[in-house]
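Below you will find one chain, with nothing else, as structure tokens; this is the form predicted alone, and questions on how it binds or moves follow later.
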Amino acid sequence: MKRVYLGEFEEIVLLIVAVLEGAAYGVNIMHEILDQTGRSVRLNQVHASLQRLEEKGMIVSKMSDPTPERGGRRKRIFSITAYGSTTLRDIQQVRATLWSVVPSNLKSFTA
């Protein structure tokens, strides 16, 4: 299968879906991105990225049961597919390979 390239934000969203393991939904993902990266994002950005990742076959979604906390509304829960997991491993391998050839004086670079 031809490798699909992800933008930086899509990669972060895909990683967060993997981290949350079956508890990933829009607001939860938005909060986790802030907690893990310090990056504030809008919910519509998260939803757009989730839609693209689902179209690419890297995540799937299903509706949860209604909850009283949400006034009886359901959540769309996302989980990573085998293809999404393979893509993350490929990205990790490419980055590790690149870091292994970065000169040591640049690895200790501080801003």
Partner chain sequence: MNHFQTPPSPPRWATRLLHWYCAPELLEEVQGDMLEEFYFQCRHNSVAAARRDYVRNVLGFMRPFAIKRKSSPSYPILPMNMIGHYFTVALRQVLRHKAFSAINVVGLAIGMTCCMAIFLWVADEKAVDNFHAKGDHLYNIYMTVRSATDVEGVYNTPRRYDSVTHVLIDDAKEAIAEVQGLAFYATGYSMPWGKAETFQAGDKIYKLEGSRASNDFLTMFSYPVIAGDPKTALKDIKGLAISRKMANLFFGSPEEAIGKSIRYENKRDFEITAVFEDLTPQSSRRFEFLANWDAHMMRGGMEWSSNNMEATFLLADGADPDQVAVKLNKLVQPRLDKGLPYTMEIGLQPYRDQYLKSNFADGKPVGGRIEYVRIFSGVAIFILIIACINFMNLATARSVKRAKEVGVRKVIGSPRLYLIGQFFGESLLLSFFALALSLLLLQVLLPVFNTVTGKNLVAPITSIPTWITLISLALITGILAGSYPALFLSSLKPVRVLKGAVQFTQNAIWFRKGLAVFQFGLSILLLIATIVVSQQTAFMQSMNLGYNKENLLYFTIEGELSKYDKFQAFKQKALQLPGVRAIDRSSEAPHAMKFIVDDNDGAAETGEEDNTAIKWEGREKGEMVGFKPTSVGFDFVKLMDLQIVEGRSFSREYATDSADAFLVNEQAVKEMGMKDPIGKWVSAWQKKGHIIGVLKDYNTNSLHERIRPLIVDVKEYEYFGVILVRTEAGKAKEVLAGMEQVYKELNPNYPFSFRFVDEDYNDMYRNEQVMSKLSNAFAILAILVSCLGLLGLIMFSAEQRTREIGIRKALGATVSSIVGLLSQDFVKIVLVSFVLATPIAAYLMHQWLNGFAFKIDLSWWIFGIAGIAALLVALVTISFQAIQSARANPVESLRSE
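These numbers come from a predicted model, not from an experiment. Numbering follows the first chain given and starts at 1.
Omitted here: the form predicted in complex with the partner chain. The next part is about that form.
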(request) Please run the contact check for A82 against the partner chain in the predicted complex: heavy atoms, 4.5 angstroms, yes or no? (result) no
(request) Tell me, yes or no, whether R76 is in contact with the partner chain in the predicted complex, where a contact means a heavy atom of each within 4.5 Å. (result) yes
(request) Although the partner chain is absent from this view, report whether K56 comes within 4.5 Å of it in the predicted complex, heavy atoms only. (result) no
(request) Answer yes if any heavy atom of I33 is within 4.5 Å of a heavy atom of the partner chain in the predicted complex; otherwise answer no. (result) no
(request) For the stretch 42 to 61, return the residues whose heavy atoms include at least one within 4.5 Å of the partner chain in the predicted complex, in the order they occur. (result) R42, L43, N44, H47, A48, Q51
